[in-house]
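Taking the form predicted alone, here's one chain by itself in structure tokens.
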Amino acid sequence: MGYELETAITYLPGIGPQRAKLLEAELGIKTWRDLLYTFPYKHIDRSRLYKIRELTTEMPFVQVMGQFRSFEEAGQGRKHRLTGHFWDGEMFLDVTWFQGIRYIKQSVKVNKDYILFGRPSVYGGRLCVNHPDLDSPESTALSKMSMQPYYTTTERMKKAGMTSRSLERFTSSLFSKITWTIPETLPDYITERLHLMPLDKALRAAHYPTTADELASANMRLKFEELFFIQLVIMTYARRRQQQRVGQRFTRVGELFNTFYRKYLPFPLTEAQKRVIREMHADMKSGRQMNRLLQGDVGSGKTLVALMVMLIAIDNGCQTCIMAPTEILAEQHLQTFRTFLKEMPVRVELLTGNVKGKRRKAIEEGLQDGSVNILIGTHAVIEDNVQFRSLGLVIIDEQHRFGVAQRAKLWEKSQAPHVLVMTATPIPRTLAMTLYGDLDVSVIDELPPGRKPVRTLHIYDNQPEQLYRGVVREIEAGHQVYVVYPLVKESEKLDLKNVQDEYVHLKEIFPQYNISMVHGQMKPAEKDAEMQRFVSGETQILVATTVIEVGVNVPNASVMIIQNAERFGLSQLHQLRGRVGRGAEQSYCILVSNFKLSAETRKRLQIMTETNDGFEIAEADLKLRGPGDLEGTQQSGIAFNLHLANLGRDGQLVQLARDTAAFVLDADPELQTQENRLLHRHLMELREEHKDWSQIS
């Protein structure tokens, strides 16, 4: 009967064409199945009625049965409010509305029984509840409700009168229609081995549990299933990739590599750099395609490692290509590579959207005749007219900035080239297992010698004089300063500092210094010119947005000031901090924020001041915000959408899902046995649903 779950959502009572359109646009709900898998974000126990005399402000939510005896309006404009006096037979409770007053006056009656549900508070010395839910005793069957579900809604839905209670009615109606047992998706040997709740019972309990324990068991079953099938598709793909043969083995470590290592190496390699180069060479000479992720914190020396691996490929008669997400980063790689290589006979070229005419034609011809050894570029390198003679190694920098299709198009330009993907965004283990489960992982967990950890301070925006004194002190010592803002220009909706206004402001404060400005709305040539002024030391202060987050290397810059730091995520703050501390001098990162901070934001800024370890920060970010909010998780590796599982909190479940997937595939790689046909069928359905999955399988 599972096919009936594909019934259009309009076939539920109360959902007409307009509501169906809104549900699809806002929550992606088109069918009964979509609604079934739109889970509540919380449940609240509605099984108990309180008396008003029992209420305290420490109680999160309570419900009281009684009647409104009278109403009164007061105030004007924003202070306009409606207060109802609610009587439970013993005491009165003030109930206040600041919005929707006209609707309340029309719909709520005096001397009629209501069950009031809300959060107690105190105003003017009196106990009150603001904007409660109101139900008639007949419509709220307390004995059945027990744990009431609360569903996520958007502003558009709320304006259209569609609330969490609306979704609750829709799901309740849906379950009344599903009179059959929802088909199982996992074979008995998995559910019995792991003591998992049957799918039908789990789906019903996830929406309408009778106890907290039943809800926990239902969620565990559904989270496991999400993670298991993601791991199953990743591991199936990874095992197929491992069987692919590469046309050419890179067995030689030849003249170019050895000359560079002995003569031009800019500084001694760390043990971590040596280890990851050995890991990559072992892959490339194995006869199988290398598919490896290189993780390294900001400043750990990934670019140097990438160049040395490229030299191995060139020594073996192949061309190499590195694709970067921005022109700034691509140009930075070009300058770095040419500086490192000096007079070595290696032709390095840059291909971006700005390279045109004769210059572009010469590069394309050099790629086709093999005279271009290293191509550095942006998305321009995946255009159809860019063809290589013998592409043997593909490197993707800042991996999370590219989608699956973009990466696939690059390595389709050659037959199974070796693939190295790099990221300076440390990825927590549970996330890496899900996003990059098809890749082997190398980690540079050591910074070059002589680097001093960046000191990070958190100050409030009411202390500008202290901040400016520090800027003067560093510039007078011969150093340079970044100042980063969240906005390009003033916003009517957001009370935040912006680059354009603050650029003018800082020029007034520091008339003795030269200041550059860089942001994403500038023309590329203008942006590059301003950036170059800072790189050359012509300007002492660079005012910017987060366009400088990656690919900017100015060893003389010793201070990173991040204004409105509360607006940035942990990983982004860490990336920005990585722009300083690249020289031998002590560097500083100053986080400037508003004084009014939420507990989570305050914790985020505190973490930044306590550690420079990117992996520790990434783990904390995952726990605080979840994977859906982390930059790039919908682009990285396999796109996925988790309904319930949280990679920050469900690490053990990720490992269990991975172990179970390995157990299944070890015994039956093609999922052809009778007991695994259920898995195979569901896997095919998921691949049809998630188009990105089919691209890699």
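Since the structure is predicted, the reported quantities are computational estimates derived from the model, not experimental observations. Heads up: residue numbers just count along the shown sequence, starting at 1.
If you look for the form predicted in complex with a small molecule, you will not find it shown, but the lines that follow are about it.
Undergrad: Even though the partner isn't displayed, in the model of the complex is residue 187 close enough to the small molecule, meaning a heavy atom within 4.5 Å?
TA: Residue 187: no, not in contact with the small molecule in the model of the complex.
Undergrad: Would residue 95 count as touching the small molecule in the model of the complex under a 4.5 Å heavy atom rule?
TA: No, residue 95 is distant from the partner.
Undergrad: Examine residue 254 and determine whether its closest non-hydrogen atom to the small molecule in the model of the complex is within 4.5 angstroms.
TA: No, no contact at 4.5 Å.
Undergrad: Check residue 223 for me: does it contact the small molecule in the model of the complex (non-hydrogen atoms, 4.5 angstroms)?
TA: Close contact is absent here: in the model of the complex, residue 223 is far from the small molecule, nothing within 4.5 Å, heavy atoms only.
Undergrad: Would you mind picking the one in 298, 206, 310, 591 that has a heavy atom within 4.5 Å of the small molecule in the model of the complex?
TA: By the 4.5 Å heavy-atom cutoff, the listed residue in contact is 298.
Undergrad: Check each of 191, 83, 163, 270 and return the one that places a heavy atom within 4.5 angstroms of the small molecule in the model of the complex.
TA: Comparing distances to the small molecule in the model of the complex, the residue within 4.5 Å is 270.
Undergrad: Looking at 193 to 201, 83 to 91, 448 to 456, 605 to 613, which stretch has residues with any non-hydrogen atom within 4.5 Å of the small molecule in the model of the complex?
TA: Selected range: 448 to 456.
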